[in-house]
Each structure stands twice: as C-alpha cells, then as structure tokens.
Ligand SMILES: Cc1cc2nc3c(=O)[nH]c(=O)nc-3n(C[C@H](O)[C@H](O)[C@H](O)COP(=O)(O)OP(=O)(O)OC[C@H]3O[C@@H](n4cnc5c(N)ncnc54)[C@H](O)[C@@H]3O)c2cc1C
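The chain below stands alone, shown as structure tokens; this is the form predicted alone.
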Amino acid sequence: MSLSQKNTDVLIVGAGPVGLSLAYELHRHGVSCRIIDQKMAPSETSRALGVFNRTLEVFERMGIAQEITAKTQPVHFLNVYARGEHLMQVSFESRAFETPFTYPVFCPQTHVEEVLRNRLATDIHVEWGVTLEAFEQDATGVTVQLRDTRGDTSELRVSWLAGCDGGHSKVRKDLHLPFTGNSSETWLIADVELDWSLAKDSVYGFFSPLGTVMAYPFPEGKRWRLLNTAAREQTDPASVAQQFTHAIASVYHEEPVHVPEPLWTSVFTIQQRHVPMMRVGHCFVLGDAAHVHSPASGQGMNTGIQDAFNLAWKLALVARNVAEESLLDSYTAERTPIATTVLRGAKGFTLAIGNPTLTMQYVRNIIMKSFFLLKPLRSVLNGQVSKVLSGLSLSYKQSQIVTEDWRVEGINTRNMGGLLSGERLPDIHYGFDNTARLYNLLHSTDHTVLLFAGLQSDETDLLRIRELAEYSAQQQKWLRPVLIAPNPESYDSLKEWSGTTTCILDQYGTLHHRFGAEKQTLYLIRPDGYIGYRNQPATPGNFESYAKHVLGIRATVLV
C-alpha cells in the first residue's frame, strides 16, 4: 500500500450528476477536490430525465444553464388519457414564482454529466475504476483506502469525504446511517423510438386497467421514455413492446399506436427511503446516498444537485477558514426536511398513477376530470403541481443559520412586510423598462448583501448605509455589497462615494417596495440564492452579530 501525500480538501465518491455538481461548485469556490468512481467509464444510459425549474436556476448560478438547455426538450404540460377519452391537462407553468425558467426541460442525465465533466476537464479529471475500500475519520479529517483496477491500493488523507455513490452507498453504510423507509411496487421503464402524432412538449399518462403508462419525451428524434406501473414477468424486448402497446391502445383511441421493441429496459422496485442525518463528522452523504424515492415525480437528480449546491458554499467557507465548522451542521438541518418533503410529494404521485383497484381507478378518474372541467379547480391543481415539481416553493425558514432583526420604526404607511428570511430570492425585474434582473446583481460564489437606502431616506440614512457598505467591503473573503438607491438624488450621493462597490438606481422603487425597505434595510443573500438574514433599521452591529454568532464567520476575515 502506498501513501498519497497530495493535499486534497475533499474526496468525492461517485461521478454522477451529484458528485460532478459538488466537484464543480467546490472548484468554483477555490476548494481542492478529487472525484472517483468505481465504474470504468461514464454511463451511457440515463435513469433521470427531467430538469426542473429550481435546478435550472442552480445551473444558471453555476454558469452552465445555456449549455444544459441547448440540448433539451421544454415540457409545458401533463396530458392524461383514460377510458378512451382525454381526461385532463395540467400546465407546468411557474410564472408566479418570478423565475427565468418558467417550465421544466427534459434531457438525459448523461447530457448533464457531460456538460459538468467538460467544465471540470481542464483542472479536475474523474478517476474511473477507483473504488473506495475503507475510510476512518478523526477530529481533523478522514483517512481513506482506495483500490484501482489493477488491484493496487493507496491511502489518502483528506479533510472531508462526500458520498455521492448512489442508493447502495458504501459511505452511508460504513457510517452506519439508517436508511429508513420501504419498498413498494415493481415498475418497468423502457426507451423506444415511437412514431405517433403526440406533441413533445408534454408528458403523457395513459390510465389503463392494465396498468398506468407514462411517456416522457427525449429532446432528440422520436425517442421516448415509457414507464409501466404494472411490470409483467416477461421482460424480453418483444413482450415489453406488446405490454406497452396494449396498455396505451386500451385508453388512447385517437390514432393507432405500435410500440416497437425497446432500445433499453430496466425493471426496478420503487424504494422510498432516507437517512436521519446527512453529515457525520467529516463525512457527508448526498443525493441517492441520502434519499431515494419513486421516479414518478422525477425529483431524484434535481434534489441531489440541490444537495450539492447547498453543501458546497458552506464547505468552502469552512475549508478556507472563513467560517467555523459548526456552519456545516446546517447542511443536515436544511436538506433533511427538503428530502422528507420531496419523498412525500413523490409518494403522492406514485399513489396517483399506481395500480389501485378498478373502483379506486374510477374514483380517481372522476376526480381528475372534475378538476380539469371546473376552471377554479383547474387553477388550483395547476398551481399545486407546479409548486411540488418546480422546487421553487421550498424554503429554509426553520434553519438555525436563518434569522432577522426586523423592526419597523413608526408607522409603515405602505404596510410593506418584505421578503422573509429563509425564502428563495425571486428574480424580480426592475428599472425604467422593467427589464433589469435582480439575479444579475448576485455574486456567483460569495454572499451578496443588498443595502437599501430606504424610500423615506434622509442624510442620516445615507450615512448609515455607507457605514454598512464600508463594513461589508472589509469582508471580501465572503461578502459583496450592492447599494440600492430609490431616487436620482440618493443615487448620485451614493454613487459618488461608492467607488468599486456596485450601486444601482431603483427606478420607481420596485425593489424597495418588494423588500419592505421603508428606511435603511439590509438583506443578506446566500450563494445558493436564499435569504439568510434581514435587518431593518440596518446597523453594522446587528449584521456583525449575525455574521459572527449565527453564521459562524471568523472575526479574522476582515481585510
């Protein structure tokens, strides 16, 4: 056994979309890492297909959204057929959440992985055919034992170990983390070249007494992913094609449908499981290593990528000695409830499309038809489906690193409550022609502090905002300030003083109104796009107290 002396902050086990996302984010944050995978080469088949709205926002923050969406299929609707008729249509539109990505897109998981590998290629290469044999952690790090394809072993010392190694995770098992939950139905999925007239901007559900079939479009050609909730024992290509053809034809009568023999098939038992904690000392579990669920709602890859996005900035602050290690406790505290919520949603979708009795199928179809025919109910259903699938409504309001010092002095005549701590920051449009994007003000890897002069600002308020900007400018290792003025006079005053600090004019006070900034106001936006802290009336003392005692920022980061 050889001992590797290479200084590496993080070892990532698993080079799927979650491990690659974590590696890319850590690299952007200036943290060294290695990524290994026991497979000999990247996968050529894809279980995951859907990329939902919140994940697209994450990709935009990572700087890869355009590369991802260049080879995707936008999906606007879910259309359901039953009893030979069109039962309902659900819209996936998410405009109410103020996002640049109002619809999900579909693409193979392999495409996401390829984009991430290409971005990493100049600095970090996946070490294929390398297996994690064992690891042992202590108070300062983790010692890991690796084995390559020749059987040679090596020992590596790292500060942190991240298990992105899937549902059968060795990292999770060796940490003795319970994987609580259950197994339920056995389903069949297949990729086929399907020649029919149905538009590719929709997911289709065929609610047949023979079992529900779901159809998901690939971006290229006539390729579709089919899912059958009633898998038969015969899984040879001809039998699989026959199963899908009969199930679809039994409820969809608008054209003859012939499903050809599949290009790829997989039979699997649905697992609904999760761990009680996602961090143990210097080790973490992410993605399927921490939570697995039904593919009915398509949330697996999305939730795992968002795990990585949540962990990366925290791990970077600790690895760079900017924040105390206690900050990492918030990873479990924030992501475990999200995993539970996603599992609950996936279970609901599974029950909706699963294999109920004929009586329950009849009741289900009547309810769905009613929601579609009655416009008020249809609007409620569209909103609920979008809320569950998009990921845009998830928040961290209960997190231990999310808080506020919020007190409105006097009478707030506009009754502006502002955006709440823990919420996802919406991409508000503002300015003269309402085309300027709030997201363009956010720093790509650091926290961004939005400093509002206030709609009723006077010279005293402007002075306080300057003091806050000066304090923020000293925190260059983790923070970037943005000054926001409500009128040309205050803008000119702040701009003359601001130097290199970003200063914008909030034409018509759009941002001030949305953030409840009657007087001088501070909002701290985390690197993952959530509101970590808000303060009104804003003072350097309040902000410094939050940074030190809640977020765990070390006082020595002042420059």
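One rule holds for the numbers: they count along the sequence shown, beginning at 1. Bear in mind the structure is a predicted one, so any value in this text is a computation, not a measurement.
Unshown form predicted together with the named molecule; subsequent notes refer to it.
The candidate stretches are 298-306, 96-104, 207-215, 361-369, and the one lying within 4.5 Å of the named molecule in the predicted bound form by heavy atoms is 298-306. Residue contact check for L328: none of its heavy atoms lie within 4.5 Å of the named molecule in the predicted bound form. Although the partner is absent from this view, E518 stays clear of the named molecule in the predicted bound form, with no non-hydrogen atom inside 4.5 angstroms. In the predicted bound form, the named molecule stays beyond 4.5 Å of every heavy atom belonging to H27. Looking at M62, you'd find every heavy atom of it more than 4.5 angstroms from the named molecule in the predicted bound form. With the partner omitted from this view, the residue of L479, I401, L156, L132 that lies near the named molecule in the predicted bound form is L132 [heavy atom within 4.5 Å].
With the partner omitted here, the residue from L451, L116, A312, C164 that has a non-hydrogen atom within 4.5 angstroms of the named molecule in the predicted bound form is C164. Counting a residue when any of its non-hydrogen atoms is within 4.5 Å of the named molecule in the predicted bound form, the hits in 32-56 run I36, D37, Q38, K39, R47, A48, L49, G50.
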